[in-house]
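Taking the form predicted on its own, here's one chain by itself in structure tokens.
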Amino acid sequence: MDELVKTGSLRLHWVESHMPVLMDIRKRFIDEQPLAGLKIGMALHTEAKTGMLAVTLADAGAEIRLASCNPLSTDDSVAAALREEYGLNVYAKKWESSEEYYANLNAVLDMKPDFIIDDGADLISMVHTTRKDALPNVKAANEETTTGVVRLRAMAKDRVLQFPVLDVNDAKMKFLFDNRYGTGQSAFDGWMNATNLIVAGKRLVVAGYGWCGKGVAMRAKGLGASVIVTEVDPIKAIEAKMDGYEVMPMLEAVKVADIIITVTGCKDIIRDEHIAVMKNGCIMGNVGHFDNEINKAALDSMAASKVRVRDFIDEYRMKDGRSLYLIAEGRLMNLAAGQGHPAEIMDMSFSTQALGIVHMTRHYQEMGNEVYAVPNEIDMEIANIKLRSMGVSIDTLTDAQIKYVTGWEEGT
């Protein structure tokens, strides 16, 4: 255990030195104590960058309980170091069973948190369903990812959401960098660690051309793949085509795909009719939040056998002789088989979380039970700190320019 704690401690200190924005906020929080006396329940991928967010919020005065938001995304060394070195209550381990996963989420809710920071909305869903005993104490929450925001908007539409939620996912300083550059890089970190195979020269299908899909397609192209995009949104399909990618239905794409990466936030992107005609040797991986984008039940029922051929790869030997491969049991391969987004990217995302949760503590009482955008001032503050940390200066508008862009009188 001592060696595990040492490893986790080194990983935490490494990312600490590469997260200048969050560390700037942390220094301020230590002085100001904006979260003093509050209980914050967190369900996030429990690895080093998340660890520094938890430490930052604890340094701001909060009592923290942290669980993972995915059964395969915990770094056990980091979880151990957070417990032993920083004294945090962490309920997470790698390769959790479903029972262990929900037991850990329940352990977080057992402290009856004042505020929730969620990724995928499982904690928030539980306090509305199986853990209503914790609901009266929850004042507000933050949500990290697209999948969770979709669930929460549906709850708000159905008028069942019982407290305000801040949509951190759609903050500019989150999605423009985390979803695009973070997912783009970390997807291939996981893919290469799992497979030890080359991307160049292969036909790679990206399912979904949102900001995450854009990042994956961009990095795949840079690695030398011939990229195909599948979409259900005609506007995004046109965008993908004009960005230089092939666009076709999944039923056609699977026939030629060497690699498939799903990143849609929807279920059954790969299902039985696709599996039936999929190219022999195709390697499938998912970067969407839940493990339902690639239908594992269909794979199991259509396969003659399943063999774990590498640490994170299962080979499905089909009854007709084909072999199909699935990375990390269809869970987020960038975290299950890799180390997640780069520290510099999560620096901006978790700074948004930190400033966002303080914003919610100050304003939740004037909010309705809806999903709210992150205030522009938070985006701008994080952007300015980030620029300073990069040694970058930019221009400012003159008074005349401000008058011009905010007025209507001056024409041709």
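Residue indices: 1-based, along the sequence shown. Since the structure is predicted, the reported quantities are computational estimates derived from the model, not experimental observations.
The same protein also exists as the form predicted in complex with a further copy of the same chain; that form is not shown, yet it is the one meant from here on.
message = Using a 4.5 Å heavy atom cut-off, which of 297-305, 138-146, 83-91, 99-107 contacts a further copy of the same chain in the predicted complex?
response = Contact criterion met by 99-107 only.
task = Examine residue 383 and determine whether its closest non-hydrogen atom to a further copy of the same chain in the predicted complex is within 4.5 angstroms.
result = Looking in the predicted complex, residue contacts with a further copy of the same chain include residue 383, since a heavy atom lies within 4.5 Å.
message = Considering non-hydrogen atoms and a 4.5 Å limit, does a further copy of the same chain approach residue 329 in the predicted complex?
response = Looking in the predicted complex, residue contacts with a further copy of the same chain do not include residue 329, since no heavy atom lies within 4.5 Å.
query = Is the gap between residue 275 and a further copy of the same chain in the predicted complex 4.5 Å or less for some heavy atom pair?
reply = No, residue 275 stays farther than 4.5 Å from a further copy of the same chain in the predicted complex.
task = Considering only heavy atoms, tell me if residue 114 and a further copy of the same chain come within 4.5 Å of each other in the predicted complex.
result = Output for residue 114 is no: heavy atoms all beyond 4.5 Å of a further copy of the same chain.
key: in the predicted complex, the one of 134, 257, 173, 79 near a further copy of the same chain [non-hydrogen atom within 4.5 angstroms]   = Flagged contact: 173.
query = From first to last in sequence, which residues of 238-270 have any non-hydrogen atom within 4.5 angstroms of a further copy of the same chain in the predicted complex?
reply = Stretch hits, in order: 238, 239, 241, 242, 243, 244, 246, 247, 248, 249, 250, 265, 266, 267, 268, 269.
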